[in-house]
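Take a look at this single chain, the form predicted on its own, given in structure tokens.
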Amino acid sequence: MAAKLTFWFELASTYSYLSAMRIDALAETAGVEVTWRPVPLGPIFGAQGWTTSPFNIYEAKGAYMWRDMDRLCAARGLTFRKPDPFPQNSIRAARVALAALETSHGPAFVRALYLAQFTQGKDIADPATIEEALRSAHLPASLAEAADDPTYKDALKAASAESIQKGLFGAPSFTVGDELFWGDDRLEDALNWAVSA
């Protein structure tokens, strides 16, 4: 039976972008099956008394994060551009991601959204950006209708509630059963845990 790991990501998250761009290759090498789960951080942050990203609330932390992203992206051969505004509203895109992830092209759609946002400065709440990402992932642009579908609205709310129940407090997060790992720098640890478990 294949080792399994769940990848919880927020589409407006800088460090989730880093993980999304490398998780498939690392998981394949490790022999781990990955389940991609979009989750909005708004409710998670709200439970901690925050109304926006902690990188906006804490100036020094925010300045560090932007510099850290510059360094990490350069080291990994990724382009990086600070989006404006930050964080972006990811709810519509996350609902479409849920629909896209019902197909084998789902991860490609998620990566296309990250690239649109963090390399081209596009707004992932814009239906045109979502449709362009769908086409880039070889999915029909009509899948964007999932953003207004009650099924996916409810599914995203359920994912949010489940993530809080599992103790998530940020993204990216990785779970192996009840074991939680947080942050792009813990991806390898999470994969190793999945293999050993």
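Keep in mind the model is a prediction, meaning the values are calculated, not measured. Counting begins at 1, following the sequence as shown.
Unshown form predicted together with a further copy of the same chain; subsequent notes refer to it.
Look at the stretches 126-134, 146-154, 29-37, 165-173 and give the one with heavy atoms within 4.5 Å of a further copy of the same chain in the model of the complex. Looking at the other structure, the answer is 165-173.
Does residue 50 reach a further copy of the same chain in the model of the complex if we count a contact as any heavy atom within 4.5 Å? Yes.
4.5 Å heavy atom contact, residue 78 and a further copy of the same chain in the model of the complex: So residue 78 does not count as contacting a further copy of the same chain.
In the model of the complex, does residue 22 have a heavy atom within 4.5 Å of a further copy of the same chain? Judged by the heavy-atom cut-off of 4.5 Å, residue 22 is well away from a further copy of the same chain in the model of the complex.
Quick check on residue 66: any heavy atom within 4.5 Å of a further copy of the same chain in the model of the complex? Heavy-atom contact with a further copy of the same chain at 4.5 Å: absent for residue 66.
Check each residue of 169-195 against a further copy of the same chain in the model of the complex and list those with a heavy atom within 4.5 Å, in sequence order. Stretch hits, in order: 169, 179, 180, 181, 182, 185, 186, 189, 193.
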